[in-house]
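In the block that follows, a single chain appears as structure tokens, in the form predicted on its own.
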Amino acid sequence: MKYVVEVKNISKIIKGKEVLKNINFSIEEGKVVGLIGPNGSGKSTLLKIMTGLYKPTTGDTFYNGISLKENYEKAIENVGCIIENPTFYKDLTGKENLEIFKSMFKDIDENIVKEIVKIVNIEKSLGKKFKTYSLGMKERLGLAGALLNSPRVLILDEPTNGLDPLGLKELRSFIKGLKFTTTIISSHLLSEIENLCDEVIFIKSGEIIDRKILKNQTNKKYVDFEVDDYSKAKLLLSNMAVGENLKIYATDEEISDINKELVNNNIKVYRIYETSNNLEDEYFNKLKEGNND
């Protein structure tokens, strides 16, 4: 299995506070992964570390097996990103700002620039000064800048800010059309995350507390097993269980086999029930578990 993005043992201490705690995950090529969690959970800090804007206290990020820490330029050359609000020269036009972005890369064809401008729908605004742009237009120009180098990995921190419903629809269609680009997107709009992403990573108080597959192209589903001995059951099913509870992602046939295996190992199964696949419900349930940020 080919992992385009690998985050290994990332921790970050800021002013004596550990804002990220041993973050680990890998992402396959072409996947769209959402990063969700409450304000202050560490999402933006993690994305800044993944793009080299912050240095981690421990750990490293790898793009196509190349270490960001040891070979920054090589690792980051195929990564495009928008972190927080896009920064441009306010007294220059959109076109002039894109020209500056273009100069940062080698051999960017002008036809590619024109195509990207068309895709993000800012053709009519390129001659206007950046300071006159609405928030939505700024996001579109930022997205154009992030795409100039035809990135294999696209990292977007709250790219939906300021976009109207049409803009959201266009952004969703655009990202879905990036067949060979691996995309990581942070957003508070859970409905958009659910429509857009293949899976999501829940982060809370600087830790990953769960990871959930959204795009189910099989007949698998999430079920919870209610048993008398959770420790023994989790040890038995360690390669299948998700998170801290005995949640299993499996087909009906696999669920039946798991039930038999538990019983054969003298574990009483009291109940098996399908869990909610609604992202918003699950998100708020996660926030209720323990103290929030």
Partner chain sequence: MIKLVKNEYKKNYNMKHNILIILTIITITLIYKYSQNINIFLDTLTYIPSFIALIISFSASSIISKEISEETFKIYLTKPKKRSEILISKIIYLLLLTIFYQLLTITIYLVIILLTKQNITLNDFIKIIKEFISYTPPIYFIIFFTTFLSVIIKNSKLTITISTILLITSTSLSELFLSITWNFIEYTFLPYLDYTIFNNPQNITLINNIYNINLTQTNGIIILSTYSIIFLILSIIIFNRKDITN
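All of these numbers come straight from a predicted model, not from anything done at the bench. Residue numbers count along the first chain shown, from 1.
Absent from the display: the form predicted together with the partner chain. The rest refers to it.
- Stretch 101-109 is the contacting one of 121-129, 203-211, 178-186, 101-109, since its residues have non-hydrogen atoms within 4.5 Å of the partner chain in the model of the complex.
- Here is the short version: of Ala250, Ile66, Leu237, Leu53, the single residue with a heavy atom within 4.5 Å of the partner chain in the model of the complex is Leu53.
- Within 4.5 Å of some heavy atom of the partner chain in the model of the complex lies at least one heavy atom of Gly145.
- Put simply, Glu194 is far from the partner chain in the model of the complex: not one heavy atom of it is within 4.5 Å.
- Contact check for Val113: every heavy atom lies farther than 4.5 Å from the partner chain in the model of the complex.
- Using a 4.5 angstroms limit between non-hydrogen atoms, Thr87 touches the partner chain in the model of the complex.
- Site residues Glu18, Val153 and Lys169 are none of them in contact with the partner chain in the model of the complex, judged by any heavy atom within 4.5 Å.
- For the stretch 56-78, the set of residues having any non-hydrogen atom within 4.5 angstroms of the partner chain in the model of the complex comprises Tyr72, Glu73, Ile76, Glu77, in sequence order.
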